[in-house]
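A single chain comes next, written as structure tokens; it is the form predicted alone.
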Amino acid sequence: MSENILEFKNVVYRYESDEDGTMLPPAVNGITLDVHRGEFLAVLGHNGSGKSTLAKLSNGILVPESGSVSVKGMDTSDEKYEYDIRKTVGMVFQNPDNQIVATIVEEDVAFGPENLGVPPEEIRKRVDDALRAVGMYEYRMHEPHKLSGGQKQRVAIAGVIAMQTECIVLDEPTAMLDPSGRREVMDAVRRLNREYGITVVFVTHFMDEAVFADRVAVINDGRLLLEGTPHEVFAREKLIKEAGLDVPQAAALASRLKRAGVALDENILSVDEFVTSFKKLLRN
């Protein structure tokens, strides 16, 4: 995973004020960050931290004020690369209802490839493969508005896959879902990363979702505060809390029990790790 599919170098971006058009303080302020091919990168931050702006900078929806963003060496500020960049990096947004454009699931997934001029027989194959990849093939003839939130979001992800993007950037895709929908989306995204080798940039404010990433980047006030494996990042509990975040629930519970004298393993982050450690304790 040494090859970078995305590179942010000293990136600065700021928005204009809605009131008088003056420039606001930078939403992204000097971030340098690489995304390696095939990895699962979780991007964490409180509301207003700049993480969603970073997501939109990743495929040219926004262009840096200074610094650069490149996709496989293509500068997102260069319009001649726009088509190739959008084919390489696909976006999935927070509200699944805003991403549905057709009245039948398979037609919605086919929308992107059709606009790319893909031949009909190839579209058919891509749609079927994409729906199978996210576990929605049996719903291919359903009406999207009758699906649950988690199912709609998986259809949106399938639409990106059908365009054969190499990287998917998901901007808080579970924020509007119930726990069941969140699990559906997380399972689908993890499967795409593990089994299909798709690079994932997963923007979230749910700490438990970041546990499954290869690497975590914490954004605070537009700057890169922390970067490392989930265990490395969440070990910095004091700094995490100063950034307005928290550690995963399993880690918080394990920490409280250890302070109370329970001899659990160190660096517990996930529920599975907690259960394994607790079972080991009961056997001793």
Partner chain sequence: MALLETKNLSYRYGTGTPFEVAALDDVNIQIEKGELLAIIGHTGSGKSTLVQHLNGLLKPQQGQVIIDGQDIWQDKHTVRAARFKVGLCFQYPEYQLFESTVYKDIAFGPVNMGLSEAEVDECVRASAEYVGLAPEQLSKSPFELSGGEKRRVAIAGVMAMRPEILVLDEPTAGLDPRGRERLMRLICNYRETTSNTVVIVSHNMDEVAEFATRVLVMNNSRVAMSGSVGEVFSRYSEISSMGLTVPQITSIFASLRSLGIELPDDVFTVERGEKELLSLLRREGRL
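Here the structure is a predicted model, which means the values were calculated and not measured. Only the largest set of C-alpha atoms that superpose within 1.5 Å between the two forms is called the rigid core. Residue numbers count along the first chain shown, from 1.
Only in words, not in the display: the form predicted together with its partner chain, which the text now covers.
Can you tell me which of 30-38, 64-72, 43-51, 227-235 lies within 4.5 Å of its partner chain in the model of the complex, counting heavy atoms only? The contacting stretch here is 43-51.
Answer with yes or no whether residue 20 is in contact with its partner chain in the model of the complex, where contact means some heavy atom within 4.5 Å.
Although its partner chain is absent here, residue 20 would stay clear of it in the model of the complex, with no heavy atoms inside 4.5 Å.
| message | Under a 4.5 Å heavy atom criterion, is residue 176 part of the interface with its partner chain in the model of the complex? | response | Result yes; residue 176 sits at the interface with its partner chain in the model of the complex.
> Does residue 206 reach its partner chain in the model of the complex if we count a contact as any heavy atom within 4.5 Å?
Replying inline: So residue 206 counts as contacting its partner chain.
**Asked** Wondering, does residue 194 line up within 4.5 Å of its partner chain in the model of the complex on heavy atoms?
**Response** Judged by the heavy-atom cut-off of 4.5 Å, residue 194 is well away from its partner chain in the model of the complex.
*Would you say residue 241 moves its Cα by 2 Å or more between this form and the one not shown, aligning on the core?*
Not so; residue 241 is displaced by less than 2 Å.
Quick one: core overlaid, is residue 23 moving 2 Å or more at the Cα between this form and the one not shown?
No, the C-alpha position differs by under 2 Å between this form and the one not shown.
Can you confirm the direction of the Cα distance change for residue 272 and residue 183 in the model of the complex, closer or farther than in this form, given it is 3 Å or more? They are farther apart; the C-alpha distance rises by 3 Å or more in the model of the complex.
Looking in the model of the complex, are the Cα atoms of residue 272 and residue 154 closer together or farther apart than here, the change being 3 Å or more? Farther apart, which means the C-alphas of residue 272 and residue 154 are at least 3 Å more distant in the model of the complex.
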